[in-house]
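Look below for two forms of one protein chain, each set out as structure tokens: first structure 1, then structure 2.
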Structure 1
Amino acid sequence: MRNKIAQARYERKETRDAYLFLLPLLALVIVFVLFPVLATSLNSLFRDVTYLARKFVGLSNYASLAADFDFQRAARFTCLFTAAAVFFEAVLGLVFALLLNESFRGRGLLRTVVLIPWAIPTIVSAKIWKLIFDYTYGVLNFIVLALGLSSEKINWLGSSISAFWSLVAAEVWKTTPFMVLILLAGLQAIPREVYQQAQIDGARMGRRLWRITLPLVWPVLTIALIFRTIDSLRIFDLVYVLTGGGPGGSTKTLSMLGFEYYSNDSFGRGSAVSVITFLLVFAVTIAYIKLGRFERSLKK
């Protein structure tokens, strides 16, 4: 008996030390992420509004959301916005990464410059873009008039379609640098000899891009897409400042909807929206991992 205890202590010494080293990290994550998430999930099953008694209502928060036009619109907008933004980021990011992977004079400077949008706080960039799209003072309207593309100023943030694309533009500007950096790392990991061999084998530029570069950079692209999609699905700050969800609530995201419910002291419904948001995020992540077929590389 005594022996068993001694043996267990012998085995556990390193384990105990390791857990001691991990304790602050785990405590932080569990108390301030896992616990609130669980509480939110639980809360989504309650009628929780400040002016009424808290009451268990099962899934009825979800049921009423499903039937709610505002919610449907926010869900659709969030998904479409994410798809558009991530697509253009990937294309533009790939173009710039390919460019910065070439050697030419001034490349170092460009690599620095490309980081600037990343370094600017999202709220600031939202304000900048708001001014760019501004009806009265905006530089975009100035350009449109100067080039004669339109005879009068356009209210960019005034229609739901142009507001959508304005948001996409601002998001793409802010987050393309991240894409560029990740893809550049992927490109630089491709050995030079592969290109030289392909050149000797007579593959011209376009073919080298299609047959060599893209397939080899694909795993890295998948990872970058996951990160960007997760981030984009939970977008709040950019939209909150740039359009405020307007016009007429047409650019409200799921996070904004949740925030609105919270602000109106409707915590049960807000929680339900939050739960749906993270379920969406997890579903999309799993889909990427399955499609990207890189379970193996993740496990390593």
Structure 2
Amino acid sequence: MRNKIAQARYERKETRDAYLFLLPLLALVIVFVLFPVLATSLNSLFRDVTYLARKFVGLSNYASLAADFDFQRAARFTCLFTAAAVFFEAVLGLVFALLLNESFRGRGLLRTVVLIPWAIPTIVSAKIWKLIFDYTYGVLNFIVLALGLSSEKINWLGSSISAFWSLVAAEVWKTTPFMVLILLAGLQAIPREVYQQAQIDGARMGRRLWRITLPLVWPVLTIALIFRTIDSLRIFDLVYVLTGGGPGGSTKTLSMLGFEYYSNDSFGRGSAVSVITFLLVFAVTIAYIKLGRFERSLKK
């Protein structure tokens, strides 16, 4: 009986100490995350412009955004851009991670080189790609003409379709190393004995990849997808530098649209765009968590 009482007291003390250690983190989350989210959500319910009196309008800002062509186009572009960029990042990231997980001469140097694009600041990376895509002096047009792939220069950023894929290419080049880094860590955590046993049982490379590698690396891949999807849905700087939202607003993102509203002193609508972006990110994150089967892993 005394042992049970002592154990209960010890567990209560451990729980209390854990909460005490978490208090600084909880305070930071409340001040820098929860409070801004609540304040922005509240402000989205008001007509908040500098030249008019502040007035509660309920969901009018959201209703006007739903009927706004610019918002619809920005939301569509943001979702399509995110889907394309994250897909190619995941595929290329997995391929490079599998290659770098093998033993060969120069592997350490190659691992370092692969991470260089991710280490470059996004603004610098965007400037580099803008020079590459430049119509007059761009190296890409020089290569296309030299190889005879086209008889004239291509305006890579001059049409909505080419600008879309140019942005996807720049984003994939910049952030694929992040996927490689995360997936490589997951691959190295897989015991070699598992593959050795599979080889003894006669499993070929494709079967080992499908039956062993992908299932074991799936939780790590899901986490990487969550981070990359969140970043892509909130993308601003790359698009702002490369296309400025053009041509004709066809590459404008939700973050850029919200920035425009804030710049034009329409804080209510800007807050509404921010809240919608947050809800989109939140919904996608929950979907990834369900897809990654983390709840089942925790129950086990």
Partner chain sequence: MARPGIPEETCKRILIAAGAALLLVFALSPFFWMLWVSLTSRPDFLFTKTVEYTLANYTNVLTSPTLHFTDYFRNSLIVASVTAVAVTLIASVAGYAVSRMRFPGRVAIPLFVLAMSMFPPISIVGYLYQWFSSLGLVNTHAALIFPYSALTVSLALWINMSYFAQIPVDLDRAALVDGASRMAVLFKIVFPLALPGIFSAFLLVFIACFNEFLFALMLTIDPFAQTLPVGIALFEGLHGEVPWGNLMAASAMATLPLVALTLIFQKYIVQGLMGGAVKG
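Remember, it's a predicted structure, so these values are computed and weren't measured experimentally. Between two forms, the rigid core is the largest collection of C-alphas that superpose within 1.5 Å. Sequence positions of structure 1, starting at 1, serve as the residue numbers.
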{"item": "Which of the two shown structures is the form predicted together with its partner chain", "value": "1"}
{"item": "Core-superposed C-alpha of L28 shifting 2 Å or more between the two structures", "value": "yes"}
{"item": "Large Cα shift (2 Å or above) at Y19 between the two structures, core-fitted", "value": "yes"}
